[in-house]
Ligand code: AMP
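One chain is shown next in structure tokens, namely the form predicted alone.
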């Protein structure tokens, strides 16, 4: 077992242990924000036929060659074609078809003129300017051609991607299976939401905080509730978690107190401890273990410590499981708005909010930085990465930030 390793070493250790999960077929709306497990080529042209991009008249361009403001071309309007319908016959010289946006171009027509550029009188339309063949026609395959690669394996499916799949008629798609993530909280001091709160007890916010973070990262949380600070019960709960999920997360019980049972419980279930403690605050006393190819993370019981270590260590694992290409947090430089007067003997990750001011990226602290404080996570979209041994930070100082989604 390694002890007190760097964040980067910890990331390397756990990411080397996980591989992308198998694929499964999903309906389109269930596939949103999931990772595509196959290349998708279009089996059709988009649009599937030549169509009008505007409301106007379909005609033969040759019939307008001599049109002027004083001597307009006059064409007989033979029919009207709304979107979703086709012209009844072939357009012949000297005639025009009134056509709506999206309607197929009638056979025999090779141009469209918009309503605003014409004058309609009874069953005739006057054209005041000559058109060229092809004017105002959206060609079949103009957007996507049959056989074209439109989405590649490993892409996260956005609303636009879902729309494209619908447009080509693909109602299901192969995506990477979501990992089931078992979550449990340890501690005699915890009570669940909705229960009476006796003196000396606190609400179990960590269970829901981490579960929501798991969902945001692409996993399916399996809530296993609260485990008291007793070895036998903690071990049983880890057995249950390993049987129910692809990944296990616990909060609390990972420090060195008399009631911190997670280390011993992991040994009892036969898990191999990979490391204990990461050289970063908050969240230092994290433990990572492996059992039968599944990772187990024991996070701090402090909400901020648990949330931050989840962001930089556990979320990358979930992202790799679901097949994302980029798994680690993005990095940037920003100018600090505030003062942080505490000197940092150990590397710190401060909760902050990044925003852009003109061409400059700035970051402001979101509140108190104590590991047990939850409120400063509310508007946090970045972690200010303060190296070990840093002096106090002042306004205007350029700092490194880890970007959260």
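Small disclaimer: the values here were computed from a predicted structure and weren't measured. Positions refer to the first chain, counted from 1.
Keep in mind that the form predicted in complex with the ligand is missing from the display, and what follows is about it.
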| Listed residue that, although the ligand is not shown, lies within 4.5 Å of it in the predicted bound form (heavy atoms), from 212, 244, 88, 202 | 202
| Sole residue of 301, 282, 323, 221 within 4.5 Å of the ligand in the predicted bound form, by heavy atom | 301
| request: Counting only non-hydrogen atoms, choose the one of 115 to 123, 328 to 336, 185 to 193, 172 to 180 that falls within 4.5 Å of the ligand in the predicted bound form. | output: 185 to 193
| request: Answer with yes or no whether residue 145 is in contact with the ligand in the predicted bound form, where contact means some heavy atom within 4.5 Å. | output: no
| Is residue 138 one of the residues lying within 4.5 Å of the ligand in the predicted bound form, judged by heavy atom distances? | no
| Though only this chain appears here, would residue 255 touch the ligand in the predicted bound form if you measure heavy atom gaps against 4.5 Å? | yes
